[in-house]
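Let's start with one chain on its own, the form predicted on its own, as C-alpha cells.
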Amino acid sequence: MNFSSENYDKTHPRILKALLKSNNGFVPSYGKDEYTFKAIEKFKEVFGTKELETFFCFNGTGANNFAIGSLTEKHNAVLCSDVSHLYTAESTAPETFTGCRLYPLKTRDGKILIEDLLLKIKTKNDVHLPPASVLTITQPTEYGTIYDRKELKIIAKHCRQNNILLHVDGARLFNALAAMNCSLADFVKISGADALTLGGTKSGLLFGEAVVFFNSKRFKNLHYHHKRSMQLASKNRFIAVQFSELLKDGLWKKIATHTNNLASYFKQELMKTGNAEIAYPVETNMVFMKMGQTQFDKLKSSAHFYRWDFQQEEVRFAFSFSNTKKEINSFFKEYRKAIKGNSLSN
C-alpha cells in the first residue's frame, strides 16, 4: 500500500489511452500541432474566457518559475507562505531563475495571515529592499487546507489595492475545487488570479503542468519567457493531449472527489481508534497526524507514507486515484495492532 504521494502512482488509464491515441505519425513541433490547439481551446472553454494564454510545462518547479518570472522584474520581491512548496522544496530555483527575493509570510494551518501580508507589502527601505510585486498562494495549501471563497476575496482585494499581482500554485487545485464545489471559471473570478499553475501530474497525468495567464494582453513576451524557462516541449502534443482528456467530461472532478473522499474516510477510521491527533483540518486528499518514531517504524513495512516533520512528529497520508477504501481498511488493521503494542509496552 502506498499513501506517500500522487507522484508515486501510475498514469490514469484514460490519460494513457489518450496518449497512445495521439502517438500516431508526424505533427508539427513546439506546440504548433492540432492537439495543442484543441487543448488551448478547451482551456478557454472551461475558464469561460478567451482573454487568456495557456502554456504547457514539464514539471511543477519549472512551471512556477516560468509563471512568476513572467510577472516580475529582477529587482522585485515575491511574497509566499512560509510553508509553501516554492519556499521550502524548490531549492534555490525560484530566486536563481527569477532574480527576485522570496519573502515568507506567517501562516496558520498553511494559509497566509493577512496581517503579515500587509506588513510585508508596506515594508520599504528605498533601494535597499526589493519591492513586492507578486503574491503566490497555494490552493490547497501544503497541509491540504483550503482558502475559502471569503478568504480568496479578501486576498484579491488587498492585492488590487496594493498593485500586487496574484499567482496561484495549483498543484492540487482540482482537489480544492471539488471540495469547494467550484468550477475553474468561478475560481478565477473569486480569486482574481493573474496567473495560475495548474497541476496535472498529481491528477493522473504521466507528466506535465500548465500555466495560464488571465487578461494576458497585460503581460509581454510570454512565449519568450516560456522558452527562456526551458519549459517549451518539442513534442508538446504529449502534454497537451493529457490535459484535454483530464478536462473532458469532468474527469478531473471524478478523480479529485474520489481522493478527497478517501481522506475523509481515513480520518473517520482514525478517529474510531481513539488514539490519534490530527494536525490540520482535513479538507482535501491529505491527512496529517501526529505519530511517534516507534509507531512509524512499526507501520512503515505495512504501508508507505511520509514522515513529514521530524520535530513536530507529523506524518502525511496523500491519496491518489488508485487508492481504495479496502487499502485504508487493511492499513487500520495494522494500525490497531501497532497502537495496542504500544499500550502493552507502556
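Just so we're clear, the structure is a prediction, and the values are computed from it rather than from any experiment. Heads up: residue numbers just count along the shown sequence, starting at 1.
In what follows, reference is made to the form predicted in complex with another copy of the chain, a form of this protein that is not presented.
By the criterion of a heavy atom within 4.5 Å, Lys217 is excluded from the residues contacting another copy of the chain in the predicted complex.
Taking the partner from elsewhere, Tyr265 is found to have every heavy atom lying beyond 4.5 Å of another copy of the chain in the predicted complex. Another copy of the chain is not shown here, and in the predicted complex it never comes within 4.5 Å of any heavy atom of Gly250. Remark: Tyr103 counts among the residues lining another copy of the chain in the predicted complex, judged by a heavy atom distance of 4.5 Å or less. Judged by heavy atoms within 4.5 Å of another copy of the chain in the predicted complex, the contact stretch among the candidates 179-187, 270-278, 137-145, 200-208 is 200-208. For the marked spot (Phe43, Thr49 and Leu79), a heavy atom within 4.5 Å of another copy of the chain in the predicted complex is absent from each of the three residues. Along 220-241, these residues reach a heavy atom to within 4.5 Å of another copy of the chain in the predicted complex: Asn221, His223, Tyr224, His225, Lys227, Arg228, Ser229, Met230, Gln231, Leu232, Ser234, Lys235, Arg237, Phe238.
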